[in-house]
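Below sits a lone chain in structure tokens, taken as the form predicted on its own.
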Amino acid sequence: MTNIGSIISIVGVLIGLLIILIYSLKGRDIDRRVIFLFIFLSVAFAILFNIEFKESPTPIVRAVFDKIENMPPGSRVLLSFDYDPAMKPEVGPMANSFVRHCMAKGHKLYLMTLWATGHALMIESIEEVLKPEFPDAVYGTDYTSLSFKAGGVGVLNVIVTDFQKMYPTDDNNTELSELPIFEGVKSATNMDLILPIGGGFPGPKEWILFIGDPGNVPVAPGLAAVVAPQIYPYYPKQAIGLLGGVKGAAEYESELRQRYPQFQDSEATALKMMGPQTMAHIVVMAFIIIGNISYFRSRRKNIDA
């Protein structure tokens, strides 16, 4: 039903665009409300029929995937939820994908946040992704969660030398020294990889400047699309790769599904969001092409006249 709906939607939109092209070539103006209507219909159809397009990871996303994939099991990965509910639709899928990938590879996950609003979102990923999909994972041995600490970059300045000075206990008020996962871990520089997710301050940029660069720790950020261009200059030396916006998250979800069949039925929020976004972009590009054809045709008519 979904495939039939998808085909009907795409064919319907394309026929509509063809009619508008013909209408435009006859020299008639197109009301701007028609453009809005087409954008609405293309997005509505994509949501209604759950249209998904195939995604392939770009080199900058594949670099992150390959890093997690190629590290030996038991590697230490710090995942920081530095975002709020408003940013969650864009970067939340990245966090869930990182949790799935790291746990599937048997890495040790250290979950934390520099944002007060990120703590609830971190717990949400634990309860809705980590625990149901990896019931054998043991808290304190395979993963741990640290409570939010106020202080912004001050927190980073402390944990770059000593975790326990900033976090005497974890979320359950257990001393870090009592958790097996912290054996041999004194500071953030003992991590094998840091995955900061967000787009504000403090966020991925500060993780690179205060932990990754001085501590020589690989950093692979997941970013809101509007912030991603600010981090590109750090790639590939200070950021081994990055995920930018919903597109980056969808590329990662797609690669994860292909490599790990057990995640085929897992929720892929970013892939679903790319359907409406792609359809809307196709319609916008089509109207740009139609507008240019109409303009040059009318210009030629004026010259001939």
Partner chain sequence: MRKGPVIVVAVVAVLFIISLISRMSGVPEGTSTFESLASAFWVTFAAFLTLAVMSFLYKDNPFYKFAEHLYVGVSAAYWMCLGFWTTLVGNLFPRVSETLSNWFEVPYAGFHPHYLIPPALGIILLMRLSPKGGWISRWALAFIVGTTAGLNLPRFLRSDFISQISSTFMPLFVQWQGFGHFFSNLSLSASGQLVGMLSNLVIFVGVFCGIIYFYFSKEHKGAFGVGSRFGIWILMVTFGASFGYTVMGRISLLVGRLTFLLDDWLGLIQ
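All figures in this text were calculated on a predicted structure; none of them were measured in a lab. Positions refer to the first chain, counted from 1. Rigid core (definition): largest C-alpha set, two forms, superposition within 1.5 Å.
There is another form of the same protein, the form predicted in complex with the partner chain; it is not shown, and what comes next is about it.
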**Report entry** Arg28: touches the partner chain in the predicted bound form, heavy atom cutoff 4.5 angstroms
**Finding:** no
Query raised in the report: Though only this chain appears here, would Glu128 touch the partner chain in the predicted bound form if you measure heavy atom gaps against 4.5 Å?
Result: no
Query raised in the report: Quick one: does Glu175 come within 4.5 Å of the partner chain in the predicted bound form, counting heavy atoms only?
Result: yes
Query raised in the report: So in the predicted bound form, does Lys105 come within 4.5 Å of the partner chain, heavy atom to heavy atom?
Result: no
Query - Site check Arg33, Asn157 and Met166: each within 4.5 Å of the partner chain in the predicted bound form by heavy atom - result: yes
Query raised in the report: Which pick from Met71, Ala137, Val185, Ala225 sits with a heavy atom within 4.5 Å of the partner chain in the predicted bound form?
Result: Ala225
Report summary line: Of 128-136, 97-105, 73-81, 231-239, the segment with heavy atoms within 4.5 Å of the partner chain in the predicted bound form is residues 231-239
Query raised in the report: Using a 4.5 Å cut-off on heavy atoms, what residues in 45-84 are near the partner chain in the predicted bound form?
Result: Ile47, Leu48, Pro59
Query raised in the report: Is it true that Arg32 shifts between the shown form and the other one by 2 Å or more at the Cα, once the core is aligned?
Result: yes
Query - Per-residue C-alpha change between the shown form and the other one, Val246, threshold 2 Å, rigid core fit - result: no
